[in-house]
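There is one chain below, alone, in structure tokens, taken in the form predicted alone.
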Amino acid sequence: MKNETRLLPGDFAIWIFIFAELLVFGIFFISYAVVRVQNIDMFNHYQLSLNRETGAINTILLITSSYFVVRAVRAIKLNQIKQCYHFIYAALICGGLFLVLKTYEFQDKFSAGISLDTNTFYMFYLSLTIFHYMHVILGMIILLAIAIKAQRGKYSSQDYIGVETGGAYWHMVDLVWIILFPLIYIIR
């Protein structure tokens, strides 16, 4: 599909999907906030068991990955194909590091016997972060497919809608974490 003047970058269908995903996360966030208000002491107590430093590093990793995706979109618009897929691979490295740190964090909780049944705080923590984790994996699969396609010369300054589409999804994943991190790890 050739590029044309569009209101939103990428394919319109991704924006419907992004809206639906943000709606689901929004319902999760509102539910978390309502239940937290009813259980402030418990939530504040168990929130202290979370590794804020790892959460902050993960925030930096996802913001950096989104920066690389922005650079990839800019590069393909300038027909800098090699730079495009190099930036996408850089974003994938950041996403991979996010997954490594998050896996370590999950392993720490699971080895301590923490599960969805432990208490309401951990039910929300695990549900939200595992749901987001799955979105990171999907986003990385999308970015990898885009990088491979770009390497094969399937994108250009005349046809880059796929790069924009994948980028839009990745930015949604980043945005959700930017809300999720302070909500669960920081706000008391």
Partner chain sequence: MKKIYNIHTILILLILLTISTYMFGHFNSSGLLVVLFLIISAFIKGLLIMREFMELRGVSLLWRVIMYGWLTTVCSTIVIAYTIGGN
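Residue numbers count along the first chain shown, from 1. Note that the coordinates shown come from a computational prediction; the quantities given were computed from them, not determined experimentally.
As for the form predicted in complex with the partner chain, it is not shown, yet the points below apply to it.
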message = Within 4.5 Å, heavy atoms only: does T120 come near the partner chain in the model of the complex?
response = no
ask   = Is R71 close to the partner chain in the model of the complex, meaning a heavy atom pair under 4.5 Å apart or at it?
value = yes
request  = Indicate whether the partner chain has at least one heavy atom within 4.5 Å of a heavy atom of T129 in the model of the complex.
outcome  = no
ask   = Quick one: does Q151 come within 4.5 Å of the partner chain in the model of the complex, counting heavy atoms only?
value = no
query = Along 44-71, which positions have a non-hydrogen atom within 4.5 Å of the partner chain in the model of the complex?
reply = N44, L48, R52, E53, A56, T59, I60, I63, T64, S66, Y67, V70, R71
